[in-house]
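Given as structure tokens, the chain that follows is alone and in the form predicted on its own.
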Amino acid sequence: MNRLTALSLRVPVLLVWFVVLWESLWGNFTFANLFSGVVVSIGLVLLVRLPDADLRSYRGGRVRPLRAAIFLVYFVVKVVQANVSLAWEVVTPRNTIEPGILGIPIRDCSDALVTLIANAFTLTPGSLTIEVLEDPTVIYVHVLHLHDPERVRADLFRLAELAVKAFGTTEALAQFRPPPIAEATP
């Protein structure tokens, strides 16, 4: 696919995406909101320089629609679970917060994919990406409920793994292994 074809496919997709975002921000559908969303979307597309990268590929990675849907469903489930847990923490008098920081290693992923993973961690209530180090890439995440560090690490790693399966390169998939589980000491 040449650059012109890729660009011509991206513009309508971006326009639709921006209009959907605009409508969701307003919270109700009216023709005035739709019209203003189209106007704002066209303005954004005209003002923002689109990258030269092909939309289907990020450093060799491919968008796998079925795996992307699995990632999205898993992410939404985790967001709902975290919201329920956080809401329970707020409405109950007992404080069970045990904060901590975990490092999640991410190998052979493009900057775009590392950004997606870090943002997915941050968008899940109760966790916040605080730093991303390179060579090797490690995402450090602050979590509110670190009662079982290995379970929390496994949950975060599973989210990252699903993102790599949906958007990563074949090499990233091959080298993406769960972090070693620390053995319990008596």
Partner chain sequence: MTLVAGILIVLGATFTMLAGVGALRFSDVYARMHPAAKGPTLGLLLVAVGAAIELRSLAAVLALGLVVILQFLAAPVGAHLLGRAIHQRLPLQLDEVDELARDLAERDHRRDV
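Predicted model only: the values in this text are computed from it and were never measured. Positions refer to the first chain, counted from 1. We call the rigid core whatever largest set of C-alpha positions still superposes within 1.5 Å between the two forms.
Although it is not shown, the form predicted in complex with the partner chain is what the next lines describe.
Asks: Since exactly one of V138, L159, V38, A68 fits, which has a heavy atom within 4.5 Å of the partner chain in the model of the complex?
Replies: Answer to the contact question: V138.
Asks: At the 4.5 Å heavy atom threshold, is T122 in contact with the partner chain in the model of the complex?
Replies: Contact with the partner chain, yes.
Asks: Would T129 count as a contact of the partner chain in the model of the complex, using a 4.5 angstroms cut-off between non-hydrogen atoms?
Replies: Because a heavy atom of T129 falls inside 4.5 Å of the partner chain in the model of the complex, the answer is yes.
Asks: I'd like to check something about T170: if you look in the model of the complex, is any of its heavy atoms closer than or equal to 4.5 Å to a heavy atom of the partner chain?
Replies: No, T170 is distant from the partner.
Asks: Taking the partner chain as it sits in the model of the complex, is Y74 near enough to touch it, meaning that at least one heavy atom pair lies within 4.5 angstroms?
Replies: No, no contact at 4.5 Å.
Asks: For a quick test of understanding: in the model of the complex, does each of A82, V91 and G100 have a heavy atom within 4.5 Å of the partner chain?
Replies: Yes: A82, V91 and G100 each sit within 4.5 Å of the partner chain in the model of the complex.
Asks: Tell me, please, whether between the shown form and the other one the C-alpha of L162 is shifted by 2 Å or more, with the rigid core used for superposition.
Replies: L162: C-alpha displaced by less than 2 Å between the shown form and the other one.
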